[in-house]
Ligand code: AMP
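Presented below, as structure tokens, is a lone chain in the form predicted alone.
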């Protein structure tokens, strides 16, 4: 039976890494909100064209455009099951998504939440490095278990040897704080969305994100099995 999961966690919590592990174990689709936008824009869909206008102006894409995009992508993964990562980001989006899922007859089975202190999350963001071949290859200069390896005098991906880079906004404290302000907001932000879905019928998996990658993985899989 297909399993559907909503994944939550602040930037720096390792949500993408854990999502990729869960995806591989259950052969489900790992759906990231940013990838949905890119797919529609690249494909030149009507929704993509509308979204592009907002993105180019630096504005948030309205829910009436975002939610149909998300639903369309989730519907394609109905048989395999999906793990949705990066959406919803607000209470309003949570309420709208919940309503839309029910109207579409799509069950939500699990809420996966990685809990992490804000300051630790910030430190993790500033030390992470992105692999040119796969963003889900974990590399971090401060953690021995996932530290990049050195080759020809420079650090490369510990998984595949690919070139590494740091996102500019990962080194921008103001940008990090802005993202975290949205996530940790329990009134209208992402934490409000988390609490909204926690009150629903889906099983809640809440794990301590300060543990090692393996410990977090084991805690999540123990609840999913």
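Definition used throughout: the rigid core is the maximal C-alpha set that superposes within 1.5 Å between two forms. As the structure is a prediction and not an experimental result, all values here were calculated from the model. Positions refer to the first chain, counted from 1.
The same protein has a further form, the form predicted together with the ligand, not shown here; the description that follows concerns it.
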Counting only non-hydrogen atoms, the one stretch of 101 to 109, 151 to 159, 138 to 146, 88 to 96 within 4.5 angstroms of the ligand in the model of the complex is 88 to 96
Practice item. May I ask whether 11, 38 and 60 each come within 4.5 Å of the ligand in the model of the complex, counting any non-hydrogen atom? Key: yes
TODO: Using a 4.5 Å heavy atom cut-off, state whether residue 26 contacts the ligand in the model of the complex.
DONE: no
Q) Looking at the partner-bound form in the model of the complex, is residue 167 within 4.5 Å of the ligand by any heavy atom? A) yes
Legend entry - Residue contact check: residue 34 to the ligand in the model of the complex, 4.5 Å heavy atom: yes
Distance check, residue 184 to the ligand in the model of the complex, heavy atom within 4.5 Å:
no
Worksheet item: With both forms fit on the core, is the shift of the CA atom of residue 52 between this form and the one not shown 2 Å or larger?
Response: yes
Is it true that residue 132 shifts between this form and the one not shown by 2 Å or more at the Cα, once the core is aligned?
no
(Q) Relative to the superposed rigid core, does residue 71 relocate between this form and the one not shown - that is, does its Cα move 2 Å or more? (A) yes
